[in-house]
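Here we start with a single chain on its own, the form predicted alone, put down as structure tokens.
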Amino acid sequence: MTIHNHDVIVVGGGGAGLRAAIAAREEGADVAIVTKLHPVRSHTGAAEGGINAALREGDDWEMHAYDTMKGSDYLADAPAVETLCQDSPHETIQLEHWGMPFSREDDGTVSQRPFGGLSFPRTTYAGAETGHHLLHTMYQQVVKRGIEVYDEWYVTELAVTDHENPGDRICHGVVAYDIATGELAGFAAEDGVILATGGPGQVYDHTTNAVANTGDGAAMAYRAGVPLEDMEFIQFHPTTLPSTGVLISEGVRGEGGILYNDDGERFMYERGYANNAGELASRDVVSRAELTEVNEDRGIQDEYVHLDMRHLGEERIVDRLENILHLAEDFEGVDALEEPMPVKPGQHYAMGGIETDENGQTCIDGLYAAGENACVSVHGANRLGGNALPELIVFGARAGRHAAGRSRPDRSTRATRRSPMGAGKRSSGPRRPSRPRWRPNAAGSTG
């Protein structure tokens, strides 16, 4: 079996994986991304809404933290929420410095809009394609830094020692196969493996998630002995297209989009589901309201409700929500400038995942997780719209830095040397003392 040696292996090339790889590389680590999809094809690209960050006068991270905790049904972990909300402004500004094309106001300031559950319009966005631009911006940084990407390699197993107590186990790398050729190979990580494989949406029949979202990272971690946390908390997004599950951004409602039932009622108000917030109530509230309307025979064709944005005007829609027009036309045959869009709830996000601390560490030495496959518990029972992308960049960066050794008290400096596993030259930089290295046995297994 071929062995590829690196300091840090990142499994997954979406938002969390790219940010983790960049952070680890900035700490001097030799980093590689192993991904079953090309990074810019990752599901992060489907994120439309935006990035919550307290950037403006009149807003602050404590208000963001309060909204996040309230939206979580007070089940989120308070220190993790504070970390998310304190770090998000810096990480968002960093994206802007890397060239992310955020939407802007006439005076040049970065635009922010209201989102459900927020007490202040702090959702920073790039049209309705925020995730797409996020992926491309960070992939450019990966290429710029010379980070190696093993594209279309499917990771099947973690290489973990077999100690009886999971807390005594050590992760030395992963096993993967080349999707094109079927070649099986090992990827050895001297410092750490970071799982960033996204959510398990394909468990559900109607989901906004891509076909690649099959819960790989959480499954591998579970088999290796890592606890999974909050797996009962699954979010349903209130506005998905009935025929496909394609997401219609919360940005439509953030800009003033209105939900109607078959009787023409603006039911979020007229039926008393959210008398104050209306369509901008948190996602769980709106989703339950829609389902109630359908179940009580006020839905359209016994399946969906209508989302109307015609009153916003063509100029505003094209400027801020242009891709929504394309999605409605392509998948439902609806011209959203002239008629309302059909929408219904669909599985969207898993709040639970691999149990980690705020640096992405699991109970297994050398194994980290970040992004939707991880649970640092910043979302509790319900994630606020606009909080997924800051989670990716905040905790992706923290996991990458920690895996590369930044926070380790036992870091040591070493000269450039050749890997004892024969993979060639490594980059020089600060290092912690070596752990026992993973070698496949004579049969090529990882036991």
Partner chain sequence: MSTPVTEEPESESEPETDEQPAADAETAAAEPTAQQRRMAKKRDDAARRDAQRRAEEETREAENTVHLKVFRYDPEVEGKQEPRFDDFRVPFHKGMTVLDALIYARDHYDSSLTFRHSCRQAVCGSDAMFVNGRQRLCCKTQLADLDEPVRIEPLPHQDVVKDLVVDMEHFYDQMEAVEPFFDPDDLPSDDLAEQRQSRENREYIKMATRCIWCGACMSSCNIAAGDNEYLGPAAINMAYRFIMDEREGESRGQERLEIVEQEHGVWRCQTQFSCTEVCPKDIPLTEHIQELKREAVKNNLKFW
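Residue numbers count along the first chain shown, from 1. Fair warning: this is a prediction, and the values are worked out from it, not measured in the lab.
Same protein, other form: the form predicted together with its partner chain, not shown, and the subject of what follows.
Contact with its partner chain in the model of the complex holds for all three of 266, 269 and 329, each having a heavy atom within 4.5 Å. The stretch that touches its partner chain in the model of the complex, counting heavy atoms within 4.5 Å, is 82-90, out of 159-167, 191-199, 368-376, 82-90. Contact check for residue 220: every heavy atom lies farther than 4.5 Å from its partner chain in the model of the complex. Though the partner is left out of this view, residue 215 does not reach within 4.5 Å of its partner chain in the model of the complex, counting heavy atoms only.
A residue is said to contact a partner when one of its heavy atoms sits within 4.5 Å of a partner heavy atom; residue 46 meets this definition for its partner chain in the model of the complex. In the model of the complex, its partner chain lies farther than 4.5 Å from every heavy atom of residue 284.
This chain is displayed alone, yet in the model of the complex one of 357, 129, 230, 77 has a heavy atom within 4.5 Å of its partner chain; that residue is 129. Contact with its partner chain in the model of the complex, judged by any heavy atom within 4.5 Å, is made by just one of 254, 345, 352, 117: 254. If you take 190-220 and check each residue for a heavy atom within 4.5 Å of its partner chain in the model of the complex, you get 202, 207, 208, 209, 210, 211, 212, in sequence order.
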